[in-house]
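Considered here are two forms of the same protein chain, supplied as structure tokens in two stand-alone entries, structure 1 and structure 2.
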Structure 1
Amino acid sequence: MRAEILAVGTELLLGDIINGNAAWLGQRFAEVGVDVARSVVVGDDLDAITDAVDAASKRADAVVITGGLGPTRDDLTRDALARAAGVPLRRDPAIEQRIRDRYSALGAPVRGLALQQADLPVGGTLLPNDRGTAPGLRIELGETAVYALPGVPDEMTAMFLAAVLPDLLERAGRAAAIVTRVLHTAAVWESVVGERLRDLDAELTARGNPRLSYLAAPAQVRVRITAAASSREEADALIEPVEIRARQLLGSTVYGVDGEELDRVVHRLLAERGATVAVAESLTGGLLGAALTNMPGSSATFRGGVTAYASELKSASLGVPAELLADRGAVDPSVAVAMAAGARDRLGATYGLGVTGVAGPDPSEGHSAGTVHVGLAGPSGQTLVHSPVFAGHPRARIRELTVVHALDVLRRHLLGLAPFHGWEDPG
């Protein structure tokens, strides 16, 4: 099956809103093995929308449109679909009453063009919207199924998963159950993950089911395993051996599955040991502490942090020896360890993490941008340091990479593993 995505909205063309709907839809199509041949954006112009719908329906087996279904004059997707199909619009009494009831429940009169949301092209099928007033619709243009969904992301995603995806799979003769499992890795490049999984990926591609896909973020790669079957149990059974093999190939770089984010894994490991952590930050400027407070209840294991950007504050606030700073400078492995120990001791934590380095873009103290040191101080005086190099990355990315590496240093230590250095080999 070949699909096309059509996003409607002048605001998308102007860059006022990022077209996240198309990215999300592309991912969902990839998961179920539907090829997306084109993804197009058009403005709020009736002729442009009609032409785009007409052209897409002649090329693709399915077309998914987002946007242009609301209650304003520039919401023209219904009109364009009616014109492309050569049929009039007719108002659906049930939808009209639903809209009136919704406004009444809010204590507001029905204003403006709100009721145009009840207009459907003759021959179209309603797609219910439980999260808003604008219903979606499906209409056949020749042999192509065209689905129009609201542009509001949460409305669009809910409608696609509940109504569009099952219909598409049925039309394609696909299995009724689509199950995904996501493995999360840290401190390894996407290219290395792809290389380690190359043979497995090739085998699965040849079989067609399950399938692998990859999504990279700073210092993290998500590996999605997707299986299609007649039931969830059968899909799970297909995924299980693939997950086992992928974990074997990726080793200890895998830190979680599905919703297990890195900060949550760190908190869980600390809680299991009755331990806490405090942080001392220089180049990350509070980002590490922010990452450790994302999770509700994080105060159970996160004591706090000190952001000591100026060198003199590293000494005054964290107890880093002034002679060490004078001799080695602020960007040094020993300073990172001293910062970690200072955070541990002064904030009363079991573990301390310290990060220092050069975020750039210019060199500092004779060190190039991307030089980073992560120090860890444990409860019995044990210390370690991890010094990844992020040369060539922009300032914001270096800071993000540093946060992930710091969290992973603590994760690995809590598991009895050394910091990960093998960019060429995940181990």
Structure 2
Amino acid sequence: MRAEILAVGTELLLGDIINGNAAWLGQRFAEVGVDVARSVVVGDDLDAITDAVDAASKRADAVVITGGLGPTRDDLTRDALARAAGVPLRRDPAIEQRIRDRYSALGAPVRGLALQQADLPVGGTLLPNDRGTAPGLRIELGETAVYALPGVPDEMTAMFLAAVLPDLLERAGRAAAIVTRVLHTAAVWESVVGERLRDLDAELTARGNPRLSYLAAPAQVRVRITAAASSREEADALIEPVEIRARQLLGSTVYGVDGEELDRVVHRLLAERGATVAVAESLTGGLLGAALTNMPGSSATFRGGVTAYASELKSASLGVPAELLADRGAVDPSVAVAMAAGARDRLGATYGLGVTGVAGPDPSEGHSAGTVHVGLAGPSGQTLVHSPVFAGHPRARIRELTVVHALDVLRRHLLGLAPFHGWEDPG
């Protein structure tokens, strides 16, 4: 089966947005062995979209379109599909009602352009969108199945996995058992992961199945194991020994599998111990607390946080000794620990995490950007500090890296492990 990807949006051509949707779709297609022959971007222009849809549908067995389904005048994918199919648009009363309900639930009058999201080319079928108002649609152009999805990544990915991929595999008449398992690592360098897995990867590449792929996020490398087989059980059986070997090679840097995010793991470890955590932040400005409240129900193990951005607040709000600040400055391991202890005491938590450092781009108090100290304070006065160095990264990245390392310091402490600096041998 040959697929093509078509992204619609002038903002993509202008470079305002990078076409991450196409890369994500390419990865998913590769996992299931569908060959993506071409990926095209056109602007919000009816002729250009229609022409691109027409050409792609003549070359490929399946075409996935992202974007152009919203409620503004330049959302033209529906019209282009109708033109390419030579059919009129029909307004779907059910969707129209859903949109009207949504608006009235918000106590707002419904706007005319919002309703164009209920228009559907005759012969097209709906792809429900649980995360937004714009539904996707599927239509046959000759022998080719064309799927139109919203450009908003979280809506697009959810709809592709729920509705498009199963339909594609069924069309391909494929034993649709593709199983993937993702191992999540924290605070370990991508090059170390690649090094540790090199032989296993080479062996699997020679065999062709299962396959390894890598996805690097800041301080979190994800290793995806993908197996194809005629049944889910067979695929699982193929994955299991590979997962065991990969876990042995990556050791304690593996914090979770598949949907397990680092914050969830930390909450679970805390809950198992009947413990809670509070945070004290400076350079992260609240990002650490935000990460610890990503998941529903986090209030069971997260107490709260204090962001002492103005330096004197580290004393006033967290009880960091003023003389310590005067003596060592705000960017110091002992200050990180004192912040952690302050958060623990003042917010009534079992553990306190404190982060201080320099997000940059400029140095502060003589410390260069990327200087970071993570302090941890636990029951019966136990404390530790972790001081990674994130030199050479932009401000936003330094803040992200700090959050991941802080969460991992707590995770490893709860497991009885010392902090990990990134390049050591995963024990």
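Being a predicted model, the structure only gives us computed values, none of them experimental. For clarity, a rigid core is taken as the largest C-alpha set superposing within 1.5 Å between two forms. Just so we're on the same page, residue numbers count up from 1 along structure 1's sequence.
Displayed copy of the chain that is the form predicted in complex with a further copy of the same chain: That would be structure 2.
Large Cα move at residue 66 between structure 1 and structure 2, threshold 2 Å, rigid core: After core superposition, the C-alpha of residue 66 moves 2 Å or more between structure 1 and structure 2.
Large Cα move at residue 151 between structure 1 and structure 2, threshold 2 Å, rigid core: Yes, because once the rigid core is superposed, the C-alpha of residue 151 moves 2 Å or more between structure 1 and structure 2.
Core-aligned C-alpha movement of residue 400 between structure 1 and structure 2, 2 Å or more: Where the cores coincide, residue 400 shows only a C-alpha shift between structure 1 and structure 2 that is less than 2 Å.
Distance the CA of residue 93 travels between structure 1 and structure 2 [rigid core superposed, Å]: Here the C-alpha difference is 16.7 Å.
Once the two forms are fitted on their core, CA shift of residue 51 between structure 1 and structure 2 in Å: Shift of residue 51 at C-alpha, rigid core superposed: 7.6 Å.
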